[in-house]
Each structure stands twice: as C-alpha cells, then as structure tokens.
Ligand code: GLN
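In structure tokens, one chain follows: the form predicted on its own.
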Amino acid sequence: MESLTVSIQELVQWYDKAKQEAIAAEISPSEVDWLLQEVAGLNKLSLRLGSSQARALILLQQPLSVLTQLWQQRLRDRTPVQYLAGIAHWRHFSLKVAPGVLIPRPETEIIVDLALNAIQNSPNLELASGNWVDLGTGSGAIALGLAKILTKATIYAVDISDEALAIARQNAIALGLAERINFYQGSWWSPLETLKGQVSGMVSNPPYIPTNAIAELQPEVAQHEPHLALDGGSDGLDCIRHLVTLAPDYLVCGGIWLIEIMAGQAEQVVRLLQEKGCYDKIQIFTDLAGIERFALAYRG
C-alpha cells in the first residue's frame, strides 16, 4: 500500500511545479491550493509552516501519486477541479458534484437572497410558508439554499436526470435537509400537477446557452459539464419560454417567478413575461460582477 506520508521538501517541490504548470496552462494557480485542501486535506498554512522544517513529514489523505494523477488530468483534459475533487463550494455548503450535474457557480448564490427579498417586498405574508419549487435542481444547490432560509416552507426539487437527483438527495442528506425537500424526477412542472395554483415561488437556473454557442465555451464547460443543463435551444430561450408559459397555472396570486439568465437575454425575457400577460412587477437584477443575471416577476 502506498504511503500517505511525504517529506515537506518533496511536497513543496510538487507544489511549486504544479503552480508553474497552472500558469503555463492559463489555469488559476489557486486551484493547486484547492486540490491540496480538498483531496489531500492540506492547507497553505501547513505548507508554509512545514517549509521551514525540510525533514518534516506530512500526512496526506491521498498519496502524492493520486494528486499528481488528478492534476495531470486537470492540465491534459481540462477537467474542472470540482469534478476531480468531487466537491463544489456554494453559499455555506460543500456539495457533492460529478459530471452528471452542473457545477454550481458563485454568481448563482445570490438567487436565494433575491427570493428572500422578493418575499419581504410582497404584501402576501404567507409566501414564506408555502410551497417552493426548484426546477432543474441539478446538485440541489438552490433547493438546499431555499430550505435553509425558508424554514416554514415545503421545498420541491425537480430534475429530468436520475443521476442529478441522486446527487441532490445525497447532498440533502449530508446537510441534514433531506426531510425538508421533496425530490421528483421529470421535466420541469410535469411531476407537480397536484400543486397547480398552490406554489408560492418558483426558482430555477435553466439551460440558457444557445446550442451553437456551447462549442465556443471554455473546454472545462463544453467538454465536461452536462449539455442537458446548458443547451437552451437555438436562441437559448426554449426552457425559459416553457417556464414563462406554464408557471401561471401553478403559482398563487402574487407568487414569485425567479430565474437565472444569460448576459444579453434580459430584454427578451422581460418581453416574454410581458407578452404572457400574467406577470406584474417584472425586474432584472445583476450579479456581483454587474452582469444582468436574474429575472424576477410576480404572478398577477
């Protein structure tokens, strides 16, 4: 069995080489630190403290050869580091991820806060304790975020992928939120027929990339993340149109409709909502980078 101990000198040499390889490959050097932390259980402080003791031995959670193999996979195949470690950090959660689910992005984190603000800005005080749905839940990130802040609500998480739902359930169990979330396999609203007219809020990060644009994305995304979670049809709006069209059948009066959108889609999404004629107080919100990222409306 391969040893889990390594000399600090050997580890520092590995670390410095990996950092140089990251820069040469135009990958953030911080990913080396992230991989050491998540896979080997080592942080930068341990590395710095040990570097003054050249003969010191460090105990890793995985052999150095495993780290090397994973890092070479990152460089060679452009596999996202989150898939290599099997973990993505989102809000206050450490979520299990695998190639069957989209990696939850930092820019999506504030969608949960927007949902809470939308409740607080609504005259309907019962929204916080009603039924909330996360359509296209993937890793379960949004459903988990809603369950954490809406402690009196019932959460429903829907995905067409059995693989994604399995991962979402595992994340809910690991975070102690499994009792708060109902998981359903199916396409968008289809598994929730019994909730017609009873949903307080719908939150979703639907596929919104135009089909022809997927190949132009970073290889980490285009070659590794599930196209089912990316492909929004010829103009990127197919799934969004579906959510605009069907949501009024499910939302209560004053219910919240909230989704993530792609940069440049805000005007079209607002038009879709206006043309449906069932939505009030349509608003667009930016992410932390100032990009128009979220569309919010209330059921009229």
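Bear in mind that the values here come from a model prediction, so they are computed numbers and not experimental data. The first residue of the shown sequence is 1; numbering continues from there.
Beyond the structure shown, there is the form predicted together with glutamine (GLN), which is absent from this document and is the topic of what follows.
### Query
Since the chain is shown here on its own, which stretch among 74-82, 207-215, 192-200, 170-178 would lie within 4.5 Å of glutamine (GLN) in the predicted bound form, judged by heavy atoms?
Among the candidates, contact is made by 207-215.
### Task
Identify which of A229, V158, A88, A153 has a heavy atom within 4.5 Å of glutamine (GLN) in the predicted bound form; exactly one of them does.
After the contact test, the surviving option is A229.
### Candidate from K148, K96, R105, H224 lying within 4.5 Å of glutamine (GLN) in the predicted bound form - any heavy atom
Here the answer is residue option R105.
### Message
If we define contact as a non-hydrogen atom of the residue within 4.5 angstroms of the partner, is E260 a contact of glutamine (GLN) in the predicted bound form?
### Response
Output for E260 is yes: heavy atoms within 4.5 Å of glutamine (GLN).
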